[in-house]
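The data below hold one chain only, encoded as structure tokens and taken in the form predicted on its own.
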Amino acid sequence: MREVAVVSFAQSAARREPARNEVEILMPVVTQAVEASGIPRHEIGFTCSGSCDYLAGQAFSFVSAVDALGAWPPIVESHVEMDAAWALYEAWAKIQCGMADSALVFGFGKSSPGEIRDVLTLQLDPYYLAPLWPDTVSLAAIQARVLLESGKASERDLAEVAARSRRDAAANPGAHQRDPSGVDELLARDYLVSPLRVHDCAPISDGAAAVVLAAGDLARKVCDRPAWIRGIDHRIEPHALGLRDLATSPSTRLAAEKAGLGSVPPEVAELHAPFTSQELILREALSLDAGVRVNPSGGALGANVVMAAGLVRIGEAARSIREGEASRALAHATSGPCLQQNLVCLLEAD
């Protein structure tokens, strides 16, 4: 296996962007990531992006994003219709195959122009679930209710996750939600969809993120402290929600096992949990104890750029290593309803 590291990471400030389009949001982020990598843009061997045409409301909308890269010279480029964490997985595989020594990975999305709760319904089973048109918050509320009824968590536990995430997000210049409310104040608020309140749900954020990967000696040449990807894997749950226990995430547990998490816990874990209940489910699946700092960036509850939030988790985990805050970090990304698909990436310093 080739050594592959994250050598740079950049993201836009997550917020609602009524004035800028996707290319205008993306261009400075890509430029920042490439310049910070120390690798000239024309020497980057592969480019892969993640986005969703349903957000833009037009087919092949991702093609226009290539304008942010420049039309010349021609590049080797690919795209995944998923969170850009899966684009990073493709780029990592490309480097493993010896087809490139470096890669630019980016993701972007504008959720604010439409009703993202309804748009994401289109990823459900088209025969049985999608015709019922359940929105993402309602499905997450079902999952949260299953978790509460199992006795593994309480509404106070959910509020504690939200309060901690918002406190951490206050120190993150890229975060969207910065309300420093306490647990009791959060619990006093009305339900959005019982048992979830507004603070239990990720904000609607527009934005973009990008990372640059490099292999072996190139990574050591351009980066003083590369964040090495020691293992990466993704697994999937059954499509039909009724076929699985929504209070658990065996696919996350299996992905972590295959990624090499083992018995040594990470110091930092960046979990892609758009709902407070999902963070608790993921912590159990990954066996994360109180000694692991979870989502010091504020996580998806602080900023949730659809199609980039998973990549941001990898970027933030890598940043903690590159800045010397940790020597071992775990990043998680999810896609689909109720933690249907899960990717785990384990990063370490030398």
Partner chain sequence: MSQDLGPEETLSARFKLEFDYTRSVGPVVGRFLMGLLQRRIEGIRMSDGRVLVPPTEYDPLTSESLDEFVEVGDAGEVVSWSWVQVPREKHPLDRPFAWALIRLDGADVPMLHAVDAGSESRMRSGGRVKVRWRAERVGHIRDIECFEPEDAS
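Numbering follows the first chain given and starts at 1. Computed from a prediction, not measured in an experiment: that's the story for all the values here.
The following text describes the form predicted together with its partner chain, which does not appear among the structures shown.
Asker: From the list Pro180, Gly98, Gly262, Gly242, which entry has a heavy atom within 4.5 Å of its partner chain in the predicted bound form?
Answerer: Filtering the options by heavy-atom distance leaves Gly242.
Asker: Its partner chain isn't shown here, but in the predicted bound form which of Asp217, Asp224, Asp184, Glu149 has a heavy atom within 4.5 Å of it?
Answerer: Checked against the cut-off, the match is Glu149.
Asker: If we take heavy atoms and a 4.5 Å cut-off, which stretch out of 103 to 111, 78 to 86, 116 to 124, 265 to 273 is in contact with its partner chain in the predicted bound form?
Answerer: In short, 116 to 124.
Asker: Under a 4.5 Å heavy atom criterion, is Val198 part of the interface with its partner chain in the predicted bound form?
Answerer: Output for Val198 is no: heavy atoms all beyond 4.5 Å of its partner chain.
Asker: Do Pro131 and its partner chain come within 4.5 Å of each other in the predicted bound form, heavy atoms counted?
Answerer: Judged by the heavy-atom cut-off of 4.5 Å, Pro131 is in contact with its partner chain in the predicted bound form.
Asker: Can Ala170 be called a contact residue for its partner chain in the predicted bound form at 4.5 Å between heavy atoms?
Answerer: Contact check for Ala170: no, nothing within 4.5 Å of its partner chain in the predicted bound form.
Asker: Indicate whether Asp135 is a 4.5 Å heavy atom neighbour of its partner chain in the predicted bound form.
Answerer: Answer yes; at least one heavy atom of Asp135 falls within 4.5 Å of its partner chain in the predicted bound form.
Asker: Who in 137 to 176 is close to its partner chain in the predicted bound form, meaning a heavy atom within 4.5 Å?
Answerer: Read in sequence order, the residues that approach its partner chain (within 4.5 Å, in the predicted bound form) are Ser138, Leu139, Ala141, Ile142, Arg145, Val146, Glu149.
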